Ligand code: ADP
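Below you will find one chain, with nothing else, as structure tokens; this is the form predicted alone, and questions on how it binds or moves follow later.
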Amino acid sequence: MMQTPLNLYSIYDYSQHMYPTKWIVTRTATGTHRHQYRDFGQRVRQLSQALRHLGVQPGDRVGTLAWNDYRHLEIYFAVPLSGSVLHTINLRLPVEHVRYIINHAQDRVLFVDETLLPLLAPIKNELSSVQHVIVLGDHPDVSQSPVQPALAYEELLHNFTGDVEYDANLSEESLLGLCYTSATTGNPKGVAYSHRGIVLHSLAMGLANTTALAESDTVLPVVPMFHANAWGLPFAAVWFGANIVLPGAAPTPRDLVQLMAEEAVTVAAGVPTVWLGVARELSQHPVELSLRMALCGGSAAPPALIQTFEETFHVPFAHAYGMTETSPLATFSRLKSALAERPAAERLAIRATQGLLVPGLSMRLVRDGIDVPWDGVSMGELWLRGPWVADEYYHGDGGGDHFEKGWLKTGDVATIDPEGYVRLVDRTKDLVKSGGEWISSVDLENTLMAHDAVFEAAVVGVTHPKWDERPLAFVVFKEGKTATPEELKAHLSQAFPKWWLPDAIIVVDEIPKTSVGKFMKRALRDQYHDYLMPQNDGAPT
């Protein structure tokens, strides 16, 4: 067989020849920006030429602080095609973490959206490796950049013709991208992606058993491009020739619904909190959508959310699982044909799992160093390996607890049933360990959110004098609806034994969320850590 390298050039070159007239659409502050793949390809070449002129060498890291827009997509390709490393920076991280990862990656160049320049102000004198800032925007005032020298993106591109030749034989083992995890303790850890890993991951995104992305699709990545490659959608969508719709800066649920309707989006991807917001918007302002798939990941989607999309909005809802370390696609929930005749409730329960392992990967379920059976009941930590799974952190940082003998230890506790369906029970750090037994906060949350009055719910373990830990629940009610703690506990008691039920249910206006939209349980644990202790008067400390 021919030893042709699996690199980003093969994706770029194929799409330029096969799909030059497909569209890339971006919501901007001044309207909608549209251009075709052929325009995208020309601008990518101009940017690559500009980077070479600025002295960026193969292997150099190039950082981005940017939203999901057409310029960010150009950087996604121009940097790796030049042999350099694309470093997407989570703009919602604490400023000290932004400083740390720019310095740890030793970024030579930073691309920064003009609206995000203030993020650099507190750390402007602490970025030792940064030689250039390139400001993204139509007509940005580059003098406002706290870090100098700064250049305007469009002016920079205008100075170059795009007369550049890419290396079609770029090593598939060379680094394409770099993304840092959002650390809850300590510093973030870098995950480096090879060209080979990204190409194989993109192929997996086109499988009929996963998203089945195709030329006929119009794809809307709501998941940020600064997080886990926007789940690989930018690379896969370009390769397969799909129209791409990018939501721009800080889209609201109304913005997303409008984009989906106006652009006839067929596949959109976001975390459960995104889809909860979209569901509320659709309930208040119904509109016909063309979605063949609402793709959900990042954390477990409540079965009630799946049911709402499919039965109320007539939109197929797909559940997937992955993490920064898996590029990120690892499992995908599709109903096996042999299970199609199961009762409706059973089919919903299966599809609400994280699904089946994606072809190309391997998995284990491990507890106390021993593999546990795939019986749908036994819990263990999910371990993964495969060609798009990291085997260490960038610079070898802190991987001892996360990698073992060629396996990634995900930190997720799960069960696997005899059919192979993975069901996340919890993060190892979020399990409620009560009297030596495990209680799944995820299961309690999903059941609470199935109650008609509940919009969002989070459950954490807090200190208890007798049982070590007990579950404490937090709920946000839907607008105009309410329920008593007793009613919510009665609802839970239909699904769980009494000892699983939260010792208290607290009504809040909002549940704190992480930079990528997941519930920030650590903040709740810190605030309410001794809520159930005898000396506590019931107020958070």
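Start at 1 and count along the sequence shown; that's the residue number. Being a predicted model, the structure only gives us computed values, none of them experimental.
The protein also exists as the form predicted together with this ligand; that form is not presented, and the subsequent description refers to it.
D412 is the sole member of D412, D113, E445, D107 with a non-hydrogen atom lying within 4.5 angstroms of this ligand in the model of the complex. Between the options T218, T88, S84, T324, the residue in contact with this ligand in the model of the complex by a heavy atom within 4.5 angstroms is T324. With a 4.5 Å cutoff on heavy atoms, P188 does not count as touching this ligand in the model of the complex; it lies far away. This ligand is not drawn, but in the model of the complex it has a heavy atom within 4.5 Å of G297.
Using a 4.5 angstroms limit between non-hydrogen atoms, R470 is distant from this ligand in the model of the complex. Though the partner is left out of this view, R427 does reach within 4.5 Å of this ligand in the model of the complex, counting heavy atoms only. Contact with this ligand, judged by heavy atoms within 4.5 Å in the model of the complex, is confined among 340-348, 253-261, 298-306, 131-139 to 298-306. Contacts of stretch 203-234 with this ligand in the model of the complex, defined by any heavy atom lying within 4.5 Å, are made by H227 alone.
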